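One chain comes next, on its own, written as structure tokens: the form predicted alone.
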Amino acid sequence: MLNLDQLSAFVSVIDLGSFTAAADKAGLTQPAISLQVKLLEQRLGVRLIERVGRRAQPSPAGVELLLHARRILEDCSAVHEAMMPYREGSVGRVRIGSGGTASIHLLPRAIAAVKKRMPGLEIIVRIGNTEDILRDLEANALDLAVVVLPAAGRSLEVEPFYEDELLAVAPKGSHMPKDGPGTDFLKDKTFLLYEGGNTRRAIDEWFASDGIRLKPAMEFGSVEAVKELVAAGLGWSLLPGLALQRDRSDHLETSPVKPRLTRQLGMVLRRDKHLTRGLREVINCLREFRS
């Protein structure tokens, strides 16, 4: 294999006309440059440089090599240039796993902020349930998870960053107590709920604290689906405030419940995960939503 330092020394000697000038440019001694060229000549088995007066010039073999050497060094320079954005962290890829609500109502704002800082960063979002997301995270198929807590795993590091209040939601025009509905008020309503997961578990535990076991009329795998069905007048629900910040307000009545009911969103990653610049920027932008 050819040695790039030897090729560079050879080209520099030819371009500058002397071993001393090439050594000064490289910040080396003249014997060090001479040795590089000598080793290259030994490797190729030909004489590469001849002295004409005081000037070093290429031999016929050196003229032939010079064409290839310049191209090789230019290609190597292009490689370094191509890798520089990755070394500096201005490009790269971050794979995020998240639930449906966060991926719709929280992640887009964070991703937009990251892209302003790092336009070349590729961000991939995978939507799924918490169990599947955490399994992929542990398998290093994802770089970061944004999920409803708790999230367990010996190899995982968890950072709570967003408290999301769950609100009572009813069709527009429904009677909603001014001081907020409690379990006694809500237990006889037709309820539409999200099925499974930590959010549903929090709701069930909230009712259970007053000895009520809620039996929803319908269950769905999407908070957005529940929201649309409530807006259509088919029942009541308890939904994350994050999903109720902007749309459908003209079709829904919302209110905090008493006692207050919240869920905690957290960022989860492997403890041994290397934090690239892109991943750090995503984490920092999510922290800006800390509540």
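Numbering starts at 1 and follows the sequence shown. Please read these numbers as outputs of a predicted model, since none were measured by experiment. Rigid core (definition): largest C-alpha set, two forms, superposition within 1.5 Å.
The form predicted together with a further copy of the same chain exists for this protein as well; it is not shown, and the discussion that follows is about that form.
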### Query
Given that the partner is absent here, does I111 sit within 4.5 Å of a further copy of the same chain in the predicted bound form, heavy atoms only?
no
#### Entry: Heavy atom of L65 within 4.5 Å of a further copy of the same chain in the predicted bound form
yes
### Query
Could you tell me if Q57 has a non-hydrogen atom within 4.5 Å of a further copy of the same chain in the predicted bound form?
yes
#### Entry: is_contact(L214, a further copy of the same chain) in the predicted bound form, heavy atom dist at most 4.5 Å
no
### Message
Please pick out the stretch from 24 to 32, 49 to 57, 229 to 237, 257 to 265 that is in contact with a further copy of the same chain in the predicted bound form, where contact means heavy atoms within 4.5 Å.
### Response
49 to 57
### Residue (of I124, A208, A152, M83) lying close to a further copy of the same chain in the predicted bound form, criterion heavy atoms within 4.5 Å
M83
#### Entry: Residues from 1 to 26 in contact with a further copy of the same chain (non-hydrogen atom within 4.5 Å) in the predicted bound form
M1, L2, N3, L4, D5, S8
#### Entry: Is_shifted S59 between this form and the one not shown (CA, 2 Å cut-off, rigid core)
yes
### Task
Superpose the two forms on their rigid core, then report whether the C-alpha of I49 is displaced by 2 angstroms or more between this form and the one not shown.
yes
### Query
Does R271 move its CA by 2 angstroms or more between this form and the one not shown when the core is aligned?
no
